[in-house]
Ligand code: BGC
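This document opens with one chain alone, in structure tokens, the form predicted alone.
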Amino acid sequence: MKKIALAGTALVAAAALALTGCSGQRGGGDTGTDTGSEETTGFEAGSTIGIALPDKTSENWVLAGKLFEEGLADAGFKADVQYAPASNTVAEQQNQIQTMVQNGAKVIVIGAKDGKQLATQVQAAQDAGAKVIAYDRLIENTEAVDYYVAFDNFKVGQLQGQALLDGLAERAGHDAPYNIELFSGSPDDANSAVFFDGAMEVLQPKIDDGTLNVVSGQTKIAQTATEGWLAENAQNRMDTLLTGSYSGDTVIDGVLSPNDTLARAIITSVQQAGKPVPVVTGQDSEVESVKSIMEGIQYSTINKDTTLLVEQTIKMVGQLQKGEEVDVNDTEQYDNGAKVVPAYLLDPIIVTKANAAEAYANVPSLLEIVESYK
């Protein structure tokens, strides 16, 4: 996948749990709202809307399912929310989408388990007259995707890369060069490369000039990937890195982690090895990571408000039902290999201990955690 250039939107926090991803390709910062160019004739009020989500392995997917059930009901729709179990292959989600098509869903919102393997199912949806919205993860190599709604995931990576640099300057206790390692997400998630590319736009110049030293030499996404976004896979890789590259007094100063679940696994590995905890980034504002940040352990996370993302998706569903043009703010960047998918992007927020109270001002459950550490 590639992106072309430009985009973004703004909006901040809220949600009881903590949020993901989570999540296409490079983003920018346009906060205006355009409308989709496709015309639609609408459909009956009260129709079924299919919601196909990948699994329940992270807090944001669980929250999203609950919010879709409640929000679609409030908007007068029938919600069919399905999860593909984490233990199953993508075939389970393929079957779920096919069933939604057969049951007459008018819109199918898909958080892809593997965005490269759903072309047949979304084509069937289009052939049946349903609209397809890719939610949080872009569906690739098919023209049968009508819209994409997500946070600006390239910006997420940029924020993570800058947070790593800022944390090293603040906490390393010595001047450059700094010893670091790089982690990326699951290779079946289109967002993994976007996060990584965004971060490397910030970090690669510092690797090139010697400010950062990737001791293991593993700087390619294929070397840094974490299959399934599983914590145990990240911890095992960190164990191997520490054994192979950080024996004796060699210290690891920082780790680029793409989300909070992996960040905590990486920190556990370092602690069990008896080494000082490095600067570790994250994403999703998971409760345990927010606590860790306030305790001065994990350095940063990203606040991506799942509530806002679901609300925007339901708004798009409502516009489709009424036959209105659908709001988008990016019509140039998200090339899925077959078409440029019109997108609506929201802005992520970096969170460290220093700005946590401000970042979570509209998230009572997380603000309460932050204030408990004062």
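Quantities reported herein were computed from a predicted structural model and do not represent experimental measurements. Position 1 is the first residue in the sequence shown; the rest follow in order.
The discussion below concerns the form predicted in complex with this ligand, not included here.
Q: Quick one: of Gln312, Thr57, Ser47, Thr331, which gets a non-hydrogen atom within 4.5 angstroms of this ligand in the predicted complex?
A: Of Gln312, Thr57, Ser47, Thr331, the residue with a heavy atom within 4.5 Å of this ligand in the predicted complex is Thr57.
Q: Only one of Thr281, Thr226, Asn303, Asn191 has a non-hydrogen atom within 4.5 angstroms of this ligand in the predicted complex; which is it?
A: Contact residue from the list: Asn191.
Q: Among 332-340, 345-353, 59-67, 315-323, mark the stretch whose residues have heavy atoms within 4.5 Å of this ligand in the predicted complex.
A: Of the options given, it is 59-67.
Q: Would Phe154 count as touching this ligand in the predicted complex under a 4.5 Å heavy atom rule?
A: Because no heavy atom of Phe154 falls inside 4.5 Å of this ligand in the predicted complex, the answer is no.
Q: May I ask you to state whether Arg137 is within 4.5 Å of this ligand in the predicted complex, using heavy atom distances?
A: It does: once this ligand is placed as it appears in the predicted complex, Arg137 has a heavy atom within 4.5 Å of it.
Q: Within 4.5 Å, heavy atoms only: does Ser257 come near this ligand in the predicted complex?
A: Taking the distances in the predicted complex, the answer for Ser257 is no, it never comes within 4.5 Å of this ligand.
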